[in-house]
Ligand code: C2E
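One chain follows as structure tokens, the form predicted alone.
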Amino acid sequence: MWNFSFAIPSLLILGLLLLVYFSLPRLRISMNRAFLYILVVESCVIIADILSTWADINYTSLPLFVVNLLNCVYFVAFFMRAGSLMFYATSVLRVFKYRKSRYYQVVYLPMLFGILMSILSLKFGFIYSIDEKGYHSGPWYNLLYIIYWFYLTVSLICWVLYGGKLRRKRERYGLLLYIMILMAGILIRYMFPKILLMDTFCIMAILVVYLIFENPEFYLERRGNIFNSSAFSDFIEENNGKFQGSVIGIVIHNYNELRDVYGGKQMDEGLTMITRFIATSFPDCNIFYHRRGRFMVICPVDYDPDRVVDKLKERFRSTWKSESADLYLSAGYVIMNIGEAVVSADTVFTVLINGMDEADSESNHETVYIDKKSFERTIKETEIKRLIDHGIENNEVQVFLQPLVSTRTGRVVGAEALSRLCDSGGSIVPPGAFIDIAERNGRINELGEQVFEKTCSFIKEHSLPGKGLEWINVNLSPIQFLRSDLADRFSEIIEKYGVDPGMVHLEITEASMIDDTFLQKQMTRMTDKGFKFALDDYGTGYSNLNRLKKCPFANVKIDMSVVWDYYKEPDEILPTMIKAFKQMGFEVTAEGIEDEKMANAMKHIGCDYLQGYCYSRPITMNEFADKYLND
């Protein structure tokens, strides 16, 4: 006798889960469609399981064709469930991105075969048979277990091959738990076929993926029923290369200031009103929200994005009336056509956010159009970020040296350390291409510290004080200069290599001199540790001689643009400036020296040191040592 007392509670739990799932908006991606498929199929399986079991128990009081048909429906649903459970696992892992792929079609052949055998069992009894004595298992009954195990094995293999691509550890091991529970369920069914316990294990597996992947709230902004930026990224990733519509970015101008003025409650009401207006005006569009008053609207191909923006502009000219205040809001707009270009969701998101940053800064509220160059620029920047991360994490940031020549002796007496990265093709990436990016992504401190340490190692390895080289300049970015522990950290590195800190001159630009109090305090900390400072690129910022008097610079480097301007049209400004520097006790270096005539001109007006291609381009440390230190 069959016991289906476990199946009824499972059906009730499944019904509750369906109710909760359908009460919230759901993102239209394959993973969610696969989950919905599981819920529907599992509902059919449980209902068919209960009805067919009841019919098998009461077969004497029912027409045999009804008992036969109910069993057929159950076995068809059973095989469909096996395929749907694997389909969900592969959807999470994005194994089969296209349903028309050959592999996708082949992998479902066992399920189709099982369904066919179930239907043929109505007449031939392959899997089951019904006669006057009731239900009987057929000769091919174990096909259920074979096909079920086939799909679970495929799911497990896919997890082994692709599970590492899941972003979070809980997702990776949550999917494994899902597969393991299903394996336990089919094993229990094989061991105790008379107890309808497998449905309970399937419900347990469904609850696991619901809690880890499928809770609709994961994709919803906390302020209301609007999708968040994670949903946007997954939607773009799902439709990569297939999406033909456009994306419109909307950014509320001065959002943080307005939130302070109106208050958080009123601004949240305003965001809700904006969401409702977009949803009502453009019902076929998907709306996403990305903090600080930024909306992303994905429109289908038949929508004209310019008309959408015009309608939004017209609405923003009116007041947004909340229950407690009238909100006067203005917005900037971005239009992006993705087309058929296959780019990552991260790239699309980054390009769109950059566009909204630009739209937010536009005082005339002109629409920003994102073109192919925007994508190319972002892709290039992403590659440079990867190079920065790789170089820092593998200690592969290269240091090039450019010599500094004394105007008094004509000999190389110093050098400037310059960072370089190497791309995948072996080409050198100059600092102008990656320093700004390293500052923005927060890795400039690690990069600068690696350059500093390699410079100290070079000084020790080549015993520079005895080779005529008096110092090496190392650049500090303005962000790096702000580190409160900079003096202690650099001193630790100096002590590690046993190097005189006076051998290292730290170059800072005028951008580091915004806060006079901090500047003097930081420089005092460093000079107390024995370091010396050089002011780099003088003439491109806003410093004056009065400010420089307060700073203990050992050297002032005149920017090449100032040097070139003087060489083309000599006047008294630069010579007078250099004279003032020397009276203040600063030595002076002229940058960008291209030839001997320029070198003589800079020497004539009082420069102490010269740097430029006239003497050498920046070269590797080994080349520098061979050329200048092995005489």
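For every residue, the number given is its place in the sequence shown, counted from 1. Just so we're on the same page, rigid core means the largest C-alpha set that superposes within 1.5 Å between forms. No experiment lies behind these values; they were computed from the predicted model shown.
This protein has a second form, the form predicted together with the ligand, left out of what is shown; the following refers to that one.
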Problem - Listed range touching the ligand, judged in the predicted complex by heavy atoms within 4.5 Å, from 123-131, 427-435, 67-75, 350-358 - result: 427-435
Handout entry: Sole residue of 475, 286, 522, 555 within 4.5 Å of the ligand in the predicted complex, by heavy atom
Key = 475
Exercise for the section: Using heavy atoms only and a 4.5 Å cut-off, determine which of 221, 269, 453, 507 is in contact with the ligand in the predicted complex. Expected result: 507
Exercise for the section: Please check if residue 480 has a heavy atom lying within 4.5 Å of any heavy atom of the ligand in the predicted complex. Expected result: yes
Handout entry: 4.5 angstroms heavy atom contact with the ligand in the predicted complex for residue 325
Key = no
Handout entry: the ligand contact at residue 416 in the predicted complex, heavy atom, 4.5 Å
Key = yes
Handout entry: Proximity of residue 594 to the ligand in the predicted complex, heavy atoms at 4.5 Å
Key = yes
Handout entry: Triple contact flag 56, 81 and 193 to the ligand in the predicted complex, non-hydrogen atom at 4.5 angstroms
Key = no
Exercise for the section: Within 4.5 Å of the ligand in the predicted complex, which residues of 380-413 have a heavy atom? Give them in sequence order, or say none. Expected result: 402
Handout entry: Core-superposed C-alpha of residue 444 shifting 2 Å or more between the shown form and the other one
Key = yes
Exercise for the section: For residue 22, state whether the C-alpha moves by 2 Å or more between the shown form and the other one after rigid core superposition. Expected result: no
Exercise for the section: State yes or no: after fitting on the rigid core, is the Cα displacement of residue 398 between the shown form and the other one at least 2 Å? Expected result: yes
